[in-house]
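Read the single chain below, which is given as structure tokens and is the form predicted alone.
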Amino acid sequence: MKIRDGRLKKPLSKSFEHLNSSIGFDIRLAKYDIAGSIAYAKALKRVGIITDKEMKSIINGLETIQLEIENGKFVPNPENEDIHMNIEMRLLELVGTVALKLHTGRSRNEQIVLDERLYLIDALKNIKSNLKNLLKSLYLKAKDSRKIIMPSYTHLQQAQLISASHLLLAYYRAIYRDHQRLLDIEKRLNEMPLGSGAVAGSSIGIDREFLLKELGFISLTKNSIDAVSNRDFIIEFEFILTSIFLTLSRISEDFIIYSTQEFGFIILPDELTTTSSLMPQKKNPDSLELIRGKSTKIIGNLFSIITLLKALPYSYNRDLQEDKPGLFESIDWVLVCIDVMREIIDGFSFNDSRIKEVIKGSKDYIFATDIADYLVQRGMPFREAHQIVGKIVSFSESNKKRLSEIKIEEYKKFSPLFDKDIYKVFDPVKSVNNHDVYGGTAINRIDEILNEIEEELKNI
């Protein structure tokens, strides 16, 4: 039995049948489609469309199909187009013609958007859980790295000294924001569309408040046209996944650079690296490179759904069948890559001796801003101090001297404000602790933030 047989005389062409079928990817929505159908059967009984006996028969049949899916015994038929029709046709086989009453007053237009919302509510829980584990790992690594002092970089050039913990906490903040975005989207996902019909709303007086409670939603959609054609909840969800991947990709880029022999700031765990098929000395950061590479797919999937929707007229159009493959792919990869990044954070270590070597090799230029601050504290305008320190750096370069090796007499030629205490600025710990503002890299401020995060993690 095919729904097209009443109106259309000829069967689908084979090529269009292949194009028309979505069961290859929407099979993963089966659990949610069955949940929606069980709730709908109960609602149909409440308005007198089916009897109590018929309702129980339909529900038993749907539960049997659920068990078949879980046991791998459910074999979908591509000729039945999608997950909705595959379940309906299997129900017909199991319980007979009473199955044909289940679709009374209901459209696949509302079914699919219900299934997608239920699916995303579940996916959101898993992603939040993975993100929380990553946040915990970043917190613990940051806690252990407070006293490791390393260069920070702007324009990929050495900037100022920071605690290594400060960098890890930057990653933490970005991931935490994405976790908060997932919390925020929950209220928009939790709108129940069932009862919207194909476009105009149910014509059989279905009790939408009953369906809302049965399916565990928070609120009802307020417009049937919007309910079946809206996919901005998918756009928003995919944006959050893209934002997560952008952060993971940027962390990956940092770690790839820091793990090179030229930097050598971090040591990656063996179990998350590979070697070369030709060069036996290689320890390649493939896990990080793959995370960085996967981000292109997730960004592309976001643009795909935006492009899909941009010119669709209201209400439902079959183009919306294509809203799922990219969404499913993005969710699958974000779960994997968050977990891999957590393993990387847990497993890597800072190479403190190499970091100290690099700081020493900077010729003290990394303390240049500290010297400017020294002059400012003695009354010199910052722009003037900036120029003078620039000249001192040029002098250091020309004379092949470290800034700490320039004699006090030479410093005084640049400004009489210099005194013998200038050499105290070349203390890495002092340099870090000078940034004593909330959110700064001073160790006491990092401890302050770590204490806040400890409480923060209890509530997410």
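Keep in mind the model is a prediction, meaning the values are calculated, not measured. Counting begins at 1, following the sequence as shown.
Unshown form predicted in complex with a further copy of the same chain; subsequent notes refer to it.
- Of the stretches 99-107, 118-126, 70-78, 141-149, only 99-107 has residues with a heavy atom within 4.5 Å of a further copy of the same chain in the predicted bound form.
- Taking the partner from the other structure, a further copy of the same chain in the predicted bound form has a heavy atom within 4.5 Å of a heavy atom of N434.
- Although the partner is absent here, G216 is not a contact residue: none of its heavy atoms lies within 4.5 angstroms of a further copy of the same chain in the predicted bound form.
- None of the heavy atoms of F348 is located within 4.5 Å of a further copy of the same chain in the predicted bound form.
- Although the partner is absent here, K187 is a contact residue: one of its heavy atoms lies within 4.5 angstroms of a further copy of the same chain in the predicted bound form.
- Distance criterion of 4.5 Å from any heavy atom to a further copy of the same chain in the predicted bound form singles out I206 from the list L135, I206, I331, V95.
- Residues L169, A170, Y171, R173, A174, R177, Q180, R181, D184, K187, R188 are the members of 168-189 with a non-hydrogen atom no more than 4.5 angstroms from a further copy of the same chain in the predicted bound form.
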